[in-house]
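First comes one chain, alone, set out as structure tokens in the form predicted alone.
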Amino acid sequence: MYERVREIGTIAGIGTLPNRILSLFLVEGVLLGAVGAAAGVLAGAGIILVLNVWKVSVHFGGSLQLFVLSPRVDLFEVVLASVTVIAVSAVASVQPAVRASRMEPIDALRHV
């Protein structure tokens, strides 16, 4: 929010209602969380796919037995983690959104 004070002043100065400014920042926070969660799911799925295709084998400790790694993740855990990331990003965007919506346009436009 601090980098966008002049932008907030501009949109407030052209008549955008404070509730609309609040919703703009909240939606941006939720979308950033959703994009981050999607990127994490895709990266994790790619890593799991690579590990399952290449069949990584390891010896644990001093054991002579060879263990083959075949990772997998339950869909419920993926959904739960994604929802948690989106919820945290939404909650984290509330305070900057409230501050942005309460800014006076003239003070924001004067900000350097």
Partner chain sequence: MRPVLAMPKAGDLTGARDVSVVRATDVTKTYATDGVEVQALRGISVDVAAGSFLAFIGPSGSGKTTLLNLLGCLDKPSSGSLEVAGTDVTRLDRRQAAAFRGARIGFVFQSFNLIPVLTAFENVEYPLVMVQERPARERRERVLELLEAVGMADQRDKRPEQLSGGQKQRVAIARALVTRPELVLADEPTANLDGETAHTTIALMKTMRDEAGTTFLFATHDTRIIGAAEIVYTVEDGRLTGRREGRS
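Positions refer to the first chain, counted from 1. It should be emphasised that the depicted structure is a prediction, and the values quoted were computed from it without experimental measurement.
Note that the form predicted in complex with the partner chain isn't included here; everything after this is about it.
Check: Though only this chain appears here, would residue 89 touch the partner chain in the predicted bound form if you measure heavy atom gaps against 4.5 Å?
Finding: Heavy-atom contact with the partner chain at 4.5 Å: absent for residue 89.
Next item on the list: Indicate whether residue 22 is a 4.5 Å heavy atom neighbour of the partner chain in the predicted bound form.
Entry: No, no contact at 4.5 Å.
Check: Using heavy atoms and a 4.5 Å limit, would one call residue 11 a contact residue for the partner chain in the predicted bound form?
Finding: Answer yes; at least one heavy atom of residue 11 falls within 4.5 Å of the partner chain in the predicted bound form.
Notebook entry, point to check: Should residue 16 be classed as touching the partner chain in the predicted bound form when contacts are defined as heavy atoms within 4.5 Å?
Noted result: Contact check for residue 16: yes, within 4.5 Å of the partner chain in the predicted bound form.
Next item on the list: Just give me the residues of 93-109, first to last, that have a heavy atom within 4.5 Å of the partner chain in the predicted bound form.
Entry: Those in contact are 101, 102, 103, 104, 105, 106, 109.
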